[in-house]
Structure formats: structure tokens, C-alpha cells
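Consider the single chain below, provided in C-alpha cells and representing the form predicted alone.
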């Protein structure tokens, strides 16, 4: 057999003076990067298997372990760096497509970090959120052009999703992530008064009690979707694309389709779950409109119906068509959106930053006079409360978080989700690994994350002298750009710092 030219990515460094040969690392590593050698009566390292998930480092009782990047320099070449060479070796040996998990990690500009917020000083006093109420409640859905009876205190509106905080947990399907991960997300969303998205794999029967706060996806594979499921859910989302792999379908390997996944998705046990790239009944805006209204008819017009698309070129015109097709919500997923598995070249080279897509779509809908007919939700790389506030000032009604939620549950971003050997119990169906996510602790951590963001958002709004999140939406005067060129400022619709 030919010698593999691919070297390890990481080096397991074991402090022999601290190591007590307890074998905790052996038991914790699903990748077998730590092996007990019976002849030597000690733990040895298998560096090739290490994915740098940090599980062994965190659980080592004597802090005897650390993981380092494997240092092997190639001759300097501006065009062919070490990563490109290693990837070529791998494809030459395997003949396969390079897969990767999570979102785009290339050093493209992060435009959130080039936006600064305004703050009140003398003439417009700030608000102390500890003493005065600041409203973060948000309603997602179609708003009327005008009130039929302006003197009435109440008027019947189209269906809306009420969020106590303008944050939702984005789509991650059962199968790509574990049931305990879904339990954590569902319980946290219910406690927070927000929504979570069950993804394109249907809703497990154990989570039916959380249905009122659940958004179910109608994807190209139609997994787990039927009339009763649609009526049970709090909202419906048609998935056209996702930011991590625009124009590409989904594939859940058969080894992840265990009994519960099989029953929930309504597919044979152990079979691959293929979501084609296109919906085979959607080839135009008119076709999309037909599906939107079919879903509304199936739920007696009592459910919000959204459409999720990847941020791509000409997204403003696409979003305009979606709004006119009758969607209540448009979800824009930027190229930093996460996923369980994506072709590496697609993830790194296709799509747009969420910031540009959001600004372009909000502006287009305002120019066409239809902004009130649809809510905008932005996804793909939202990391903290400041990103949320900036997104709302750019025009978003609310945001989705996926990667941030998984990190709160313990994800260490090793990006090997597609292997099904997630050592933190998140992106796996192996029973021994799934148990590593405690749903009660997971719920608590997610609630803590969003609650802390809630406090920070109120502080930022108060500092601007704004007492309601609705007053910030699309208010780009509250933003200034730093380190951006004239064209970038123009697309974002903001002024440069100092103007």
C-alpha cells in the first residue's frame, strides 16, 4: 500500500510528570486519539486521529494534556500554501469531495466588526434600563398597510410570531444533531418566550409538548412533514437554501439514520436521507407562491409561513419576489452560516456576507413600498448581542443563532460534525456520546446566554436613548463604518465614522 502523504493536523502533547495513566482520555475520545497500550502499561497518542475537540484536555484530572497544531513547514510559496498542498494530497489519495462542518472560517472581512453604534450624550439623554422599561418584544409576520378602524384598541392581524427577545435558534435537524441537543433548544426557547427551528428532519414525538414554540421546515426532502405536524407547529419555514452551501442539497448518511431518526423522518432505518438541491415542484416565484398558500390553506391561515434562502448575488430582487409570493418572513442566511456537512469548496467560495444581503434586501423592499408585508430574519455568523443590535439597525426584525447556540452547549468548533463522532454529544447519534449532552444543563446554558444578551441589548438601546427595539429597526443613522471603502458604505447604506 502506498505511503500516505497526509500528515497529522494536530499533536497531542502529554506531560509525563502529570499523567497518572487514569485512561480518562481514552474513554472520552471517540476518535481513538488516545490508546491504552497494554504492553507498555501506559496511554499512547494517535496524533493522526486527533480533531482538536478539547474533550480530553477539559476532562484530564491532572491537566496533563494540551493539543498543538502539527508544525511542518513547506517551502514558502505565495500561491501554494501548506493547507492547499495537504488538501491536494488528501484528494489525490481519496478521490472524494472534501467535506467540512460548521461555517466559513476564511479571513474574509467581518463587517459587523467594522460597524460602530451611536450613543446619547447631552441633548438626547440616555435611558437607564434598570429604572425605565426597554421593550425588546418583537412580532414576526405580515403587517397591514393601515388599520381598518384606527379608533379601535384591538384589531385582528395576520398570524404573528411573538418573541420576547429578537433571537431564535436556527434550523438544525434531528439526525444531524442529537435528540438531547433538540431537547435543550426546545426547552430553552419555551422558557425564553422565543422560537426554535427543528430543521428539515421533522419533530421527534418526545418534543410535541414544545410544538407551540417550534418552527418546522418544509425542505426539498419533505422529511417528517404532514398536515397534523404543520397544524401542531408554531410556524412553518420553506427551506430553499442555506448559507453554508448555497445551491447544494443535503445528505444525512445512513449510519446516522438510527431508529428514532428513521421514525421521525419517515424513511427506512439505515438509509441515506437525501435532500435534493432544488424543490422539484418549485421552478418559479409562481410555484413558490403556490406552496406558500398550500401551507396556509393546510393550517387554516393560522400559521406564519417563512422562506429561507442563502445570501447570493441579486438577493434583493429574489427577496422582493418572495415577499410578493406571500411569504410572511424571509430568512437570509449569510455565507458564514453553519452546517453539519458541506463541500469545502462550496462553503469557502459561494455566497455573500449576511451584512450586505440584509442591507440590500431591506433597502429594496422599502423602495418598493412592501417592507411592512414581510419580516426579515438574518442568520449566518451572529456571535453576540452587539451583532444583533447592528443587524436590527441595518434592517432585520430578528436574528437566528446556530453556531453560538451549539458553542453554548459545549461545541469546540473542531468542524468534524459530518463524522458522527462528536465528542461533546451534539452532532452524533451514538448513544454513548448523545448522553454527554444533559438537556437540563443544556437548557440552562442556552437560557443564560440569551438572558445575558438581553441585558446587554437593553444597555445598548438605553445608551442610544431608544426605549423599544422597533425604533431601532432599519435606523441606519445609528451606525457608522470604520475601515470600509466608499462602495461598501454605499451598499450598507451607512455613513463613515466622523460624518
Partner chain sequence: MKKVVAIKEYCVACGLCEVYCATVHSRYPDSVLKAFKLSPQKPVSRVFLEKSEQWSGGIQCRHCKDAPCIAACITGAMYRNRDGIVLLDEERCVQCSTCVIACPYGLIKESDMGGRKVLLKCDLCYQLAESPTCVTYCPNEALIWVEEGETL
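Positions refer to the first chain, counted from 1. The structure displayed is predicted, hence computed values, not measured ones.
Note that the form predicted together with the partner chain isn't included here; everything after this is about it.
The partner is absent here; in the predicted complex, the one residue of 467, 46, 31, 438 having a heavy atom within 4.5 Å of the partner chain is 438.
Contact with the partner chain in the predicted complex, judged by any heavy atom within 4.5 Å, is made by just one of 24, 478, 12, 484: 24.
With the partner chain left out of view, the stretch that reaches within 4.5 Å of it through heavy atoms in the predicted complex is, among 38-46, 456-464, 470-478, 59-67, 59-67. For the chain shown alone, residue 220 is not a contact residue for the partner chain in the predicted complex, no non-hydrogen atom being within 4.5 angstroms. Shown alone here, residue 491 lies farther than 4.5 Å from the partner chain in the predicted complex, counting heavy atoms only. Taking the partner from elsewhere, residue 180 is found to have a heavy atom lying within 4.5 Å of the partner chain in the predicted complex.
For the chain shown alone, residue 443 is not a contact residue for the partner chain in the predicted complex, no non-hydrogen atom being within 4.5 angstroms.
Looking at 200-216, no residue comes within 4.5 Å of the partner chain in the predicted complex, counting any heavy atom.
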